[in-house]
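The chain below stands alone, shown as structure tokens; this is the form predicted alone.
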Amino acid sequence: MKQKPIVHRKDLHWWEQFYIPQIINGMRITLSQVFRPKFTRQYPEEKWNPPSSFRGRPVLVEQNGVERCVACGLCSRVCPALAIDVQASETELLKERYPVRFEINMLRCIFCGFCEEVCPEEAIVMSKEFELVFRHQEDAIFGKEKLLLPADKLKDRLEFLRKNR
């Protein structure tokens, strides 16, 4: 990488010593920004459709009426905010284990996506939902009934994960 030459103060012209070219250049950049089109969104009237790479609240993937989760507990171990609680049990199905209780405390969740990265079954993914409102702290603890979403609704996120893993 080419370094800029060192300029000593004694080598500058009088108008450069008063930083006049730098001030004019700064004013030119500011004026060019004033006439650019504005991209401010009028939220909440104008809704935003996040891209598939967006990390909203975590959800559990449900496929054919059964959750994909095998209750390995990796997501709860890797969660830096200790927001995930999983209790496993055995099942008669092929996967052998399932979560009896799977809870995520949305007040603690920092939407980091570590749970999604570590999940070997693609059972927990980050959805596009980012608007969360609670009246009580207990309302922020999401159980399986609020977390389970059909795989069809998470199709673009699952495809994004398969392409970028």
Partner chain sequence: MELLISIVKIVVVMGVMLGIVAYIVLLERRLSAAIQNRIGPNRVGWQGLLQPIADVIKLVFKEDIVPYKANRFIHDLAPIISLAVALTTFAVVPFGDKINLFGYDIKLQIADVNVGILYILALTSLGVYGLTLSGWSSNSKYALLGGVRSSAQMISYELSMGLAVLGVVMIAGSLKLDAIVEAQAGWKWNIFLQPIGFITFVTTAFAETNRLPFDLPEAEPELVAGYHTEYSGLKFGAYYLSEYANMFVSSAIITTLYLGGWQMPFVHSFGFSDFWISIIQVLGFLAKVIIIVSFFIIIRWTIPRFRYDQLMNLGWKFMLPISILNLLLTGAAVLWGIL
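Just so it is clear, the structure is predicted and the values come from calculations on it, not from any experiment. Residue numbers count along the first chain shown, from 1.
Omitted from view is the form predicted in complex with the partner chain, to which the following refers.
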{"property": "In the predicted bound form, the one of 44, 120, 65, 51 near the partner chain [non-hydrogen atom within 4.5 angstroms]", "result": "44"}
{"property": "One stretch from 100-108, 33-41, 120-128, 51-59 that, in the predicted bound form, holds residues within 4.5 Å of the partner chain by heavy atom", "result": "33-41"}
{"property": "Residue 27, heavy atom within 4.5 angstroms of the partner chain in the predicted bound form", "result": "yes"}
{"property": "Close approach of residue 12 to the partner chain in the predicted bound form, 4.5 Å, heavy atom", "result": "no"}
{"property": "Exercise: residue 149 in contact with the partner chain in the predicted bound form, heavy atom 4.5 Å", "result": "no"}
